[in-house]
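Take a look at this one chain, the form predicted alone, written out in structure tokens.
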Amino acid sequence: MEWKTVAASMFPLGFDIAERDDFLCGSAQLAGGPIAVVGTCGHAPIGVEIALAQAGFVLDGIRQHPGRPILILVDTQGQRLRHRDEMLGINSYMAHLGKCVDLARRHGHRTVALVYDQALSGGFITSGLMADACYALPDATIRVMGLPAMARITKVPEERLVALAATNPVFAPGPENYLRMGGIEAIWQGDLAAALEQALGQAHGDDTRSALGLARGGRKLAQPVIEAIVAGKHALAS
């Protein structure tokens, strides 16, 4: 979906968002005050330039607008697969972006992400999944890796992966499967402005994705493993 259509529906009180080379940044007006908006469009491949631009916008917001909530609009095909970006250390740039989002959270900025079109791989991990909570539109495309690519890397036949994807959300793309795994909080439908206001009201900074995945039946082992590790640490401490 076109980002301007999403913004018009989400911000009936107005918005001022600029688009430059698939990079989005600006602000919008909510009933409770302004919100910072940063993200990507055009299925952007996240290279060093966009990662650094997003990180810089977040840091500027921390300095200039303390406590202002942040919305991350996600539409990315993942990290840019170029020799140049690899040689420049794209992994460090993306890690820097993730750290900046975490820094904003630690400074009292509520952060909400919305996958409005496409979310793949590292471009999604260091943006949308770093927010307090991530949401998606019904027609969004979300996946870590396509099944053909997964088959080539894991050496598991694609037919077997297709069969696994029919019953196991870990292998399957789409917002519904990420909802089951706890990767996204909810799928927004209807009034996007009201959905955003509600999401900001519920943003708390605690990572409950493993617990949600267990409750929804999409990730059955992550939370028990976490609890076992915590119990083991407590036992060693005592």
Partner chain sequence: MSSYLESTARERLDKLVDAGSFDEFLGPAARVTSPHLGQLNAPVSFDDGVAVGAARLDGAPIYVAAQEGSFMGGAVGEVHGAKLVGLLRRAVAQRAGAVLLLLETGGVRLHEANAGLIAVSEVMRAVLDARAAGVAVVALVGGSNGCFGGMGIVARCCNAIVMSEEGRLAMSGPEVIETASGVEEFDSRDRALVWRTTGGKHRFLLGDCQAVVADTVAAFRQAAIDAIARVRQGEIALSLAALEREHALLAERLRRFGDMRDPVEIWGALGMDDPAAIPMLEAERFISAAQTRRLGSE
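In this text, the rigid core denotes the largest set of C-alpha atoms whose superposition between the two forms falls within 1.5 Å. Positions refer to the first chain, counted from 1. Keep in mind it's a predicted model, so treat the numbers as computed, not measured.
Although not depicted, the form predicted together with its partner chain is the subject of the following passage.
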Note which of 28, 200, 41, 181 lies within 4.5 Å of its partner chain in the predicted bound form, where distance is taken over heavy atoms; exactly one does.
181
Since only the chain is shown here, I'm wondering whether residue 89 would be in contact with its partner chain in the predicted bound form (any heavy atom pair within 4.5 Å).
yes
Does any part of residue 226 reach within 4.5 Å of its partner chain in the predicted bound form? Heavy atoms only, please.
yes
Report whether the minimum heavy atom distance between residue 221 and its partner chain in the predicted bound form is within 4.5 Å.
yes
Is there a heavy atom of residue 172 lying 4.5 Å or less from a heavy atom of its partner chain in the predicted bound form?
yes
Go through 33-41, 191-199, 51-59, 65-73 and give me the stretch that gets within 4.5 Å of its partner chain in the predicted bound form, heavy atoms only.
51-59
Are all three of 21, 163 and 187 close to its partner chain in the predicted bound form, meaning a heavy atom of each within 4.5 Å?
no
Could you list which residues of 129-146 come within 4.5 Å of its partner chain in the predicted bound form, counting heavy atoms only?
129, 130, 131, 142, 143, 144, 145
Using the core for the fit, does the CA position of residue 125 change by 2 Å or more between this form and the one not shown?
no
Flag for residue 147, CA shift 2 Å or larger between this form and the one not shown after aligning core
yes
